[in-house]
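The form predicted on its own is given below as one chain in structure tokens.
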Amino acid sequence: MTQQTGVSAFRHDANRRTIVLMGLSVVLTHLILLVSGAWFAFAWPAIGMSFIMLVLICERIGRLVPASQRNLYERSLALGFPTVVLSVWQLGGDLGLINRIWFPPPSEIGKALWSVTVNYDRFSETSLLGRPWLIPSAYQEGGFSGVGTLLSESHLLATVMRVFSGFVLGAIPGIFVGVVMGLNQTVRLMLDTTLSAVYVLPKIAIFPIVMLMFADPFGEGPKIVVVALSVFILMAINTMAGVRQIDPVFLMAGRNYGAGHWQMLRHVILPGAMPVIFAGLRIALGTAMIVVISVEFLRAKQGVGFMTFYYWEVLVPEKMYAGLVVVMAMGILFTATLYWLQKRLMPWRK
């Protein structure tokens, strides 16, 4: 036991020495390049080498982290790496390593995000949030209709409503059809080939067809329906796969205990397919975001996608990047909501 403890302590000391040597080698490399005046010529190779060394250092540090602090270490890595990337981006812009016109540094993107949030664009008569700070005065002047008119300016609210409406309208029927396909071979044989053929179509290519179905092809209906169709196909295929992979033992156990059709569906089939269904929901959510942003690029006068494309057209790249930041934030928020819902609906997974 004493010998094992001694070996473990020796390995920890060796790891610590290796970490220190790696860190010093990175610092010395950059100092030598700076003193010799060659840093700008070899900046990107030096930064790439530093990244590799950083990965190796973090891996060594991970071996020293006790189990009680493992979660803190993993969260630090998850948050620390984006911070390092943004810092390098900012440094590259400040030192002239990156073209600030087309790739503005994060500080300018942050200022642009603040600008599109608090300022009202009089040309497009829109803003990112719809000026919610004016809600009290709008309510006094026009009641709820005045508030609705004010919020109708919002790019963010327009995109969220399109994603949410299309996602719900596509996911619920998609799960239902997927369950039926998983349980019934006849329905599966009838629909599987058709869904597989439609699935490979670029979803944005369906948009002109959907526009022909509506009296107002430029309204909200086509935008929501094309998102719903994209989500429906994905959820039908994923749910069918989830139902078909349920262990037959569970189905036999349910029948042996006298479960009826609805009891089997509620207590065996849906819980058994739930992990695959939620995996499909995450994929469908990403697809819904891609489709709605693409549609807003092509045919919209409002929405985060429209705002992003608009600032590209007028050559204000920092505000274009601000729109992309909003899209990423929406994706993180929607995904976190799905994870929260998954924990509530699948408590046994804990």
Partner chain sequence: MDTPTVVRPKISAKHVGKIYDTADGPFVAVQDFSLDVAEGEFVCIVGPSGCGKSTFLRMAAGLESISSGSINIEAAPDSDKPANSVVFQEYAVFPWKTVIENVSFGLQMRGISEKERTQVARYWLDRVGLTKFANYYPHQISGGMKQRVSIIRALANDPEVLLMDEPLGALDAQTRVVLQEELLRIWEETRKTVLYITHSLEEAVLLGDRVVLMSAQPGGILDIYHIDLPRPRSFETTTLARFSEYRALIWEKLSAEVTRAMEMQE
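Residue numbers count along the first chain shown, from 1. These figures come from a predicted structure and were not determined experimentally. Take the two forms, superpose them, and find the largest set of C-alpha atoms that agree within 1.5 Å; that set is the rigid core.
Below, we refer to the form predicted in complex with the partner chain, which is not included among the displayed structures.
> When the partner chain is placed as it is in the predicted bound form, which of 266 to 274, 165 to 173, 105 to 113, 211 to 219 ends up with heavy atoms within 4.5 Å of it?
Single hit among the candidates: 266 to 274.
> Would you check, heavy atoms only and a 4.5 Å threshold, whether residue 200 touches the partner chain in the predicted bound form?
It does not: once the partner chain is placed as it appears in the predicted bound form, residue 200 has no heavy atom within 4.5 Å of it.
> Taking any heavy atom pair closer than or equal to 4.5 Å as contact, tell me whether residue 81 reaches the partner chain in the predicted bound form.
Answer no; every heavy atom of residue 81 is more than 4.5 Å from the partner chain in the predicted bound form.
> Find out whether any non-hydrogen atom of residue 259 is located within 4.5 angstroms of the partner chain in the predicted bound form, and reply yes or no.
Yes, residue 259 sits close enough to the partner chain in the predicted bound form that at least one of its heavy atoms falls within 4.5 Å.
> Verify the contact flag for residue 254: yes if a non-hydrogen atom of it lies within 4.5 Å of a non-hydrogen atom of the partner chain in the predicted bound form, no if not.
Heavy-atom contact with the partner chain at 4.5 Å: present for residue 254.
> Quick one: of 73, 278, 89, 250, which gets a non-hydrogen atom within 4.5 angstroms of the partner chain in the predicted bound form?
It is 250.
> Given a superposition on the rigid core, I'd like a yes or no on whether residue 111 shifts its C-alpha by 2 Å or more between this form and the one not shown.
Residue 111 C-alpha, core-superposed: shift of less than 2 Å.
> After a rigid core superposition, would you say the CA of residue 80 moves by 2 angstroms or more between this form and the one not shown, or not?
Residue 80 C-alpha, core-superposed: shift of less than 2 Å.
> Does residue 100 count as moved between this form and the one not shown, where moved means a C-alpha shift of 2 angstroms or more after fitting the rigid core?
No; that C-alpha moves by less than 2 Å between this form and the one not shown.
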